[in-house]
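Below, in structure tokens: the form predicted alone, a single chain.
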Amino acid sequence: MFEKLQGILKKVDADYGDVRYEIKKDTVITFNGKELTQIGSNSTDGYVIRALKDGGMASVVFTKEGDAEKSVSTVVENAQLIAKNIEKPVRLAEVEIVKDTFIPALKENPRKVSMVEKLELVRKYNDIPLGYEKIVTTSISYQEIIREKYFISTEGTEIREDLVTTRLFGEIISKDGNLVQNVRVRAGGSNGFSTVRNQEKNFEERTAIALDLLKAKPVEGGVYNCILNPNMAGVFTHEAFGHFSEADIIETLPSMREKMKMGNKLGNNVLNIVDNATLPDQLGFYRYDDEGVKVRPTQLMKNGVLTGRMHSRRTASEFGESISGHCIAEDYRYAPIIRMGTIFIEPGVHSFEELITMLGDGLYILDAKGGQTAGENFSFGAQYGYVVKNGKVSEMVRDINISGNLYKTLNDITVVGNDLSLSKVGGCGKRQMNIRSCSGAPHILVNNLVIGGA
């Protein structure tokens, strides 16, 4: 394959060029209630050419090999047009030239598991909640995406890497009279089909929560000291903080660049945040990004101080900072953009039991359920929670919404637990979808959270 790509690249008359080729294979199985509504596999492939010419950078996507010559001509022409219409020429940070093949070791290769076996496994999980009287329906899907990627550049880099993602996800929906509740269920990862096996206990536990929510009371609105579970804390870290650590988000926003300046004290001393996509077997794991740059752990915050940022080659040059290997494309249909890999709050020293005792009175809030950010302000829903009284977890509450200001909340995180947990199913929709976007945290204690409710 590299010979074919070299033949295309040699025709790129530019200061820099690269070509990505990818074969993408999808498998999907979906149940809505007892009905199987989708099952099938699909394989597609395509190319992305990027060219830097006279300070302008452009990309072109094509799927037919016969369109290569026309696409080469177009991408160079577009780069020249861009160069004439931008104030500041694009420059790329220098990188190590790499020639490597990386095929991840899988605990069980999903390619070798039959569709019949996959279908029966999903059916078995789906039947668990449907066996309960007040579970009115489900929406459960299995998805498998295999990306076989090739990358070459005019600098001499040649990389072959596979990304294999398996995901089991959906909702369990309960109803009592006019009250309807739903709970999300998740399993999966990047290290093989084994990540979706043995999920019976997971489905039983999530079903029990969906049923318990029918008896829960709406939370009373107010300002509370709260413990956030790893999922909730991880989503906050990704959405409210992580995107402002992506250089392309803040580069044209002077006020945000000032606030997110290296060395600024943004959070409590207990807070350490890292993006580390090198962690093996995790959802966000990869070896090279889609610019051919080897990903490296990036310490974003240390003891509350901003210490790092995620970059493409272009933004690393623009900011005068180190490359990080965070330029990722959804697939062959897109040029890469800056994306988080595995972002998380690093663990502290306290157990969950110690956090509950420290909290005394407040709320224990679990599992994110949608949300939005507007600048430095955020609002997230939670799937459920519990009232905490005198250091003891008591009754369940529902209809929880959290809102706040990023910088105030970073300072109000007063205690970090020792029980780090990372997401098994990801998803970030920043201009493209990244299903391997992984987040996590230990349990954290946060003061003065604004809780919307009854």
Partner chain sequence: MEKLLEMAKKVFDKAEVYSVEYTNNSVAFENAKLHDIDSKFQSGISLRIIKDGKLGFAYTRNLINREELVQNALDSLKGGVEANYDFPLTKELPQLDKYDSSLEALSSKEMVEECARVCDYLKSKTDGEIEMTSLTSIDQIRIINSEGTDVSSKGTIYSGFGGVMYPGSSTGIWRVFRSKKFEKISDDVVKEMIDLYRLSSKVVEPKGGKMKVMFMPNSMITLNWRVFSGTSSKSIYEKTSPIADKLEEKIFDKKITIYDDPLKDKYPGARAFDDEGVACKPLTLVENGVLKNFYYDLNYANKLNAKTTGHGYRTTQWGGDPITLKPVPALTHMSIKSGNKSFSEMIKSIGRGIILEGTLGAHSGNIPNGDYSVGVSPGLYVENGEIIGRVKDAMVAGNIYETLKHTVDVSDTLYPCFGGWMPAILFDDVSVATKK
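Because the structure is a prediction, the values reported are computed rather than measured. Positions refer to the first chain, counted from 1. Between two forms, the rigid core is defined as the largest C-alpha subset superposing within 1.5 Å.
What follows is about the form predicted together with its partner chain, which we do not show.
Student: Using the partner position in the predicted complex, report whether Val60 sits within 4.5 Å of its partner chain, counting heavy atoms only.
Tutor: Within the cut-off, so yes.
Student: Examine Ile451 and determine whether its closest non-hydrogen atom to its partner chain in the predicted complex is within 4.5 angstroms.
Tutor: Yes, Ile451 is a contact residue.
Student: Within a 4.5 Å heavy atom cut-off, is Ala208 in contact with its partner chain in the predicted complex?
Tutor: Flag for Ala208 set to no.
Student: Even though the partner isn't displayed, in the predicted complex is Glu35 close enough to its partner chain, meaning a heavy atom within 4.5 Å?
Tutor: Glu35: yes, in contact with its partner chain in the predicted complex.
Student: Looking at Thr195, Ser153, Asn231, Gln181, which has any heavy atom no more than 4.5 Å from its partner chain in the predicted complex?
Tutor: None of the other options qualify; the answer is Gln181.
Student: Check each of Leu422, Val397, Val416, Ile402 and return the one that places a heavy atom within 4.5 angstroms of its partner chain in the predicted complex.
Tutor: After the contact test, the surviving option is Ile402.
Student: Exactly one stretch in 285 to 293, 243 to 251, 94 to 102, 265 to 273 has heavy atoms within 4.5 Å of its partner chain in the predicted complex; which is it?
Tutor: Looking at the other structure, the answer is 243 to 251.
Student: Counting only heavy atoms, which residues in 302 to 334 are within 4.5 Å of its partner chain in the predicted complex?
Tutor: Contacts from 302 to 334: Arg314, Tyr332, Arg333, Tyr334.
Student: Tell me whether Phe62 is among the residues that move between this form and the one not shown (Cα shift of 2 angstroms or more, core superposed).
Tutor: Comparing the forms between this form and the one not shown, which are aligned on their rigid core, Phe62 does shift its C-alpha by 2 Å or more.
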